[in-house]
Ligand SMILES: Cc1cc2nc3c(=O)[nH]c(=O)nc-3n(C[C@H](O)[C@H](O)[C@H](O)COP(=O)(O)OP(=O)(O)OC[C@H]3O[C@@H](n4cnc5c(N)ncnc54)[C@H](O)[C@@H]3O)c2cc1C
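Take a look at this one chain, the form predicted on its own, written out in structure tokens.
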């Protein structure tokens, strides 16, 4: 089992940019009080406004982009009091920031086969920087495919920004308003029919039912897979046990029946955990 990351800290940042995206989300760029080391894609921070508008317990958000040593972006879907408070933040608003936390995506291996990054809605957040880092580590753009699904185009956040990374992006919408008409699993099945699945690796993040379906697809095709879980958290540092995830007996996480998503994850090898 992992320990709390050695670089975690609690600090007060200020909102630099609040940029609406899609029908119900925003990109919140925070200016940190000091520069930090380059962040690993897939890690997260706990955020709350430093006033009474936010709940006392901060909320976990994946790092979307690190645009400078002292500026970090988060892709946030607005659906509750905490995210509503962040969405109402203007430049200069003070935000409590705890992190960086957790374990990110595994090292990106060049020449190890195609990589399908399967995201649903706000589950795209850990993939933008993941794609950037995979390319920087020598993975060929032709080996990276983002399969990004939502109810309609309005819920495919920053789709043009992802397309600008130079990798293949397959949009999948339930209503057919963008790209493939269907869900991400159907898009994966279509891609498998057209191109096969030899040596494909799968990485997924999104709503639990979607991830379960993606992992069933991966298992049916004997594909190695990783999952970034979006669980509720109270502390983010392994104390409260609010983000327990069941483990698979005989997996790499040992014999303990549960792992803590905040310090052992949020990224797990799919074969090691039981999704809720």
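Positions refer to the first chain, counted from 1. As the structure is a computational prediction, the values presented were derived from the model and not from experiment.
This next part talks about the form predicted together with this ligand, which is not shown.
For the options 172, 76, 129, 167, the residue carrying a heavy atom within 4.5 angstroms of this ligand in the predicted complex is 76. Taking 210, 223, 28, 233 one by one, only a single residue has any non-hydrogen atom within 4.5 Å of this ligand in the predicted complex, and it is 233.
This ligand is not drawn, but in the predicted complex it has no heavy atom within 4.5 Å of residue 156.
The closest non-hydrogen atom of residue 65 lies beyond 4.5 Å of this ligand in the predicted complex. Interface membership of residue 80, defined by any non-hydrogen atom within 4.5 Å of this ligand in the predicted complex, is confirmed. Though the partner is left out of this view, residue 184 does not reach within 4.5 Å of this ligand in the predicted complex, counting heavy atoms only. Note that among 138-146, 88-96, 106-114, 121-129, the stretch whose heavy atoms approach this ligand to within 4.5 Å in the predicted complex is 121-129. Interface residues of 39-74, taken as those with a heavy atom within 4.5 Å of this ligand in the predicted complex (partner not displayed): 44, 59, 60, 61, 62, in sequence order.
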